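The chain below stands alone and is given in structure tokens; this is the form predicted alone.
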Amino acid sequence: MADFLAAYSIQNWLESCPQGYLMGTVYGHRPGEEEPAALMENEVLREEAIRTTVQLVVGERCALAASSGLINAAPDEASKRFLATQTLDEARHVEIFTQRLLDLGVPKKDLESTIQHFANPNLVKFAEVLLEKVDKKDFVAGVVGQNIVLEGMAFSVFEMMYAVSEPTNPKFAHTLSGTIADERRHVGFGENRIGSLIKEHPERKPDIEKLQKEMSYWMLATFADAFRNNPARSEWKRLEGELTRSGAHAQWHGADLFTMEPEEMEQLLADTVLKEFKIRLGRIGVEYQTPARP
């Protein structure tokens, strides 16, 4: 365990993150980059960007509360130090996505009311399930919920958003690229650290499997709302048609997202995340539980 945790030291974090892929960035993107005029001048798309960004703020606030809350529950000093770096990563994510809300025109005085208005109730429930474990200082369940389920979901969601944003919104794509690198590190810690604890405490498996199944359901319900009931659906289809005719593509997992219906995108995202859950849980010795489909 000691050698594995050495790879997640504060020194390695400093060299790879603030002195590495974040060097020279401003709120995660390149200096001078702005939201596209085509987005800012289209009220339907601007509101949809605000709605989407609010979900990112809600998810990252949960990750910040979970990673900071797990520090004192960690059974060893090296894990505490890693969680300290993850806490700063999550705080940065909250800050950069909050800054995006300001960049999209949300007045500072209206930030909290905007977040409350647009926060998806299924995502809020997802967060509550995880934070209940954290509040009980349940390190094993907390890290599985945080670093396998929440971070695994965020990793795939950010990758999908990056694929769509790269040809349409370089500022947001660059913001996402740093968070994707962070999430990859967080997921790696969860897999490696919890695997050994599960071997020491096999009696915890039923609780962990129940947690994964419950969190997965609320995640799928959040996806369903985002894709099936999206008020900007027709406007996005119009824009995707224009992008496709201009030769633009958004490739992700072998599919061109610009040519897919929202329901097809939802299915692709859900299948990708659940497949990754199954693989990662298998690595730590936990049996994946198939959630109900909303």
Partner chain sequence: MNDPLEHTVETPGVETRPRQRFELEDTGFDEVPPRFRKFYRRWRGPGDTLGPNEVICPVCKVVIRSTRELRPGDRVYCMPCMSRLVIVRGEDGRLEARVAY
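These figures come from a predicted structure and were not determined experimentally. Positions refer to the first chain, counted from 1.
Another form exists, predicted in complex with the partner chain; not displayed. Remarks below refer to it.
A.B. asks: With the cut-off set at 4.5 Å between non-hydrogen atoms, does K199 touch the partner chain in the predicted bound form?
C.D. replies: Taking the distances in the predicted bound form, the answer for K199 is yes, it comes within 4.5 Å of the partner chain.
A.B. asks: Do E191 and the partner chain share at least one heavy atom pair within 4.5 Å in the predicted bound form?
C.D. replies: Output for E191 is yes: heavy atoms within 4.5 Å of the partner chain.
A.B. asks: Any of the heavy atoms of A181 lying within 4.5 Å of the partner chain in the predicted bound form?
C.D. replies: A181: contacts the partner chain in the predicted bound form.
A.B. asks: Decide whether G247 counts as a contact residue for the partner chain in the predicted bound form under a heavy atom distance cut-off of 4.5 Å.
C.D. replies: No - in the predicted bound form, heavy atoms of G247 and the partner chain never come within 4.5 Å of each other.
A.B. asks: Tell me which stretch of 120 to 128, 138 to 146, 73 to 81, 181 to 189 has a heavy atom within 4.5 angstroms of the partner chain in the predicted bound form.
C.D. replies: Among the listed stretches, the partner-contacting one is 181 to 189.
A.B. asks: Within 4.5 Å of the partner chain in the predicted bound form, heavy atoms considered, which of P206, P170, G195, G105?
C.D. replies: Comparing distances to the partner chain in the predicted bound form, the residue within 4.5 Å is G195.
A.B. asks: Flag this candidate site as yes only if I96, F277 and P294 all have a heavy atom within 4.5 Å of the partner chain in the predicted bound form; otherwise mark no.
C.D. replies: Looking in the predicted bound form, the three residues I96, F277 and P294 all stay beyond 4.5 Å of the partner chain (heavy atoms).
A.B. asks: Between 13 to 28 and the partner chain in the predicted bound form, list the residues on our side with a heavy atom within 4.5 Å.
C.D. replies: Heavy-atom contacts to the partner chain in the predicted bound form: E15, S16, G20, Y21.
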